[in-house]
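One chain comes next, on its own, written as structure tokens: the form predicted on its own.
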Amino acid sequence: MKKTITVHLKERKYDILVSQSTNDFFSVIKKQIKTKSLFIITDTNIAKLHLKYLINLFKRQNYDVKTAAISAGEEGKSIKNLSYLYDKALEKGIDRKSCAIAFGGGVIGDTAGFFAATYMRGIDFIQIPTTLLAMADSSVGGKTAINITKSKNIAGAFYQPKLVWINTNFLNSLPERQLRNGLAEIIKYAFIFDSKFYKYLANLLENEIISSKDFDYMICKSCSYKTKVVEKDEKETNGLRAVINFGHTYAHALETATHYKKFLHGEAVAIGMLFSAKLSLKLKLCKQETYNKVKKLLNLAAFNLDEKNNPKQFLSLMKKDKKSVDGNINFVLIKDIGKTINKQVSDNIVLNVLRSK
């Protein structure tokens, strides 16, 4: 399969190339990137699985390839690792005309993207995602960030890649838990944009068989939805882009409270989406039927949704979320499958729903 989705922004555009063909990739990259100096940033897990393959791929095309690997997992998104990348890049002769390659999952995309945005005041970078979550969501849209001790994604920048290459062959090495992790973000797009996509996913998960064509379709569908939002609200200034944060306010609090060790991001988002649906039901924004549909699809995807919380701690953490304003927590809430609304919710109501979990 080959499909190209173009992201049109005010000052420029770039392509999301969905293809397993390296010829397709190089025909595009040669138009977008003029340098032969590449700095591949990956994590220790991907380095063992795929780094040699990618290095050889570029070297056969006469690229000068340098690499750096940071620790795998959410803990990789740290100031310490970012500093390590700056030092490694200087040591290896990476200059402002070089191009960084983010080769891995969402953690690598975020960290390598922030590195590219800030190294020598900005160098080009390309996203080559290797996980379902990164392919369907985080590699697109230009959000880059690292975590600090008390909150997630607080230090970051909007910085768009020159190209995103999605090669679904990389999914073959993913364990089931990582596939499910990415499925959460795909399900998110059904909840916020498309009741037909919801029905497609429900039928797919009920049959318990997902083919490579299904993965291609789900990824392209998700990327298309995100592209439309990013084009209208690239830097989240008019509120439109906020809708794709459905479930994320609670999810980020959950990840922070558990020190990024208990949950993968998608697992936390699944719990967060159910919390947002419950909050929507409490506020009478949606009917019981809608809440039930949200819970049904998350259950079909086999997410563990019974996570306990400390209500006061979670309220405090959500207030520190970067989407909160003047101490008021902004939530993306659901009215029906395919229809959402952004709304500030009072502390009392949030606490009430937190205590009812």
Ligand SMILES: NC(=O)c1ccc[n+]([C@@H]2O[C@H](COP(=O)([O-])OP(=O)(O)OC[C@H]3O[C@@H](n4cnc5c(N)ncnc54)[C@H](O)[C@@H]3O)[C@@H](O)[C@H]2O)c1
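Keep in mind that this is a model prediction, so the values were computed, not measured. We number the residues from 1 along the sequence you see.
This next part talks about the form predicted in complex with the named molecule, which is not shown.
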Would you point out which of 79 to 87, 283 to 291, 131 to 139, 205 to 213 contains residues with a non-hydrogen atom within 4.5 Å of the named molecule in the predicted bound form?
-> 131 to 139
Tell me, yes or no, whether Asn45 is in contact with the named molecule in the predicted bound form, where a contact means a heavy atom of each within 4.5 Å.
-> yes
Thr258, heavy atom within 4.5 angstroms of the named molecule in the predicted bound form | no
Please run the contact check for Ala242 against the named molecule in the predicted bound form: heavy atoms, 4.5 angstroms, yes or no?
-> no
Using the partner position in the predicted bound form, report whether Glu74 sits within 4.5 Å of the named molecule, counting heavy atoms only.
-> yes
Picking from Gln160, Asn181, Ser98, Ser222, the single residue whose non-hydrogen atoms come within 4.5 angstroms of the named molecule in the predicted bound form is Asn181
Name the residue from Ala253, Met273, Ile166, Val107 that puts a heavy atom within 4.5 Å of the named molecule in the predicted bound form.
-> Val107
At a 4.5 angstroms cut-off on non-hydrogen atoms, which residues of 239 to 274 are near the named molecule in the predicted bound form? List them in order.
-> His265
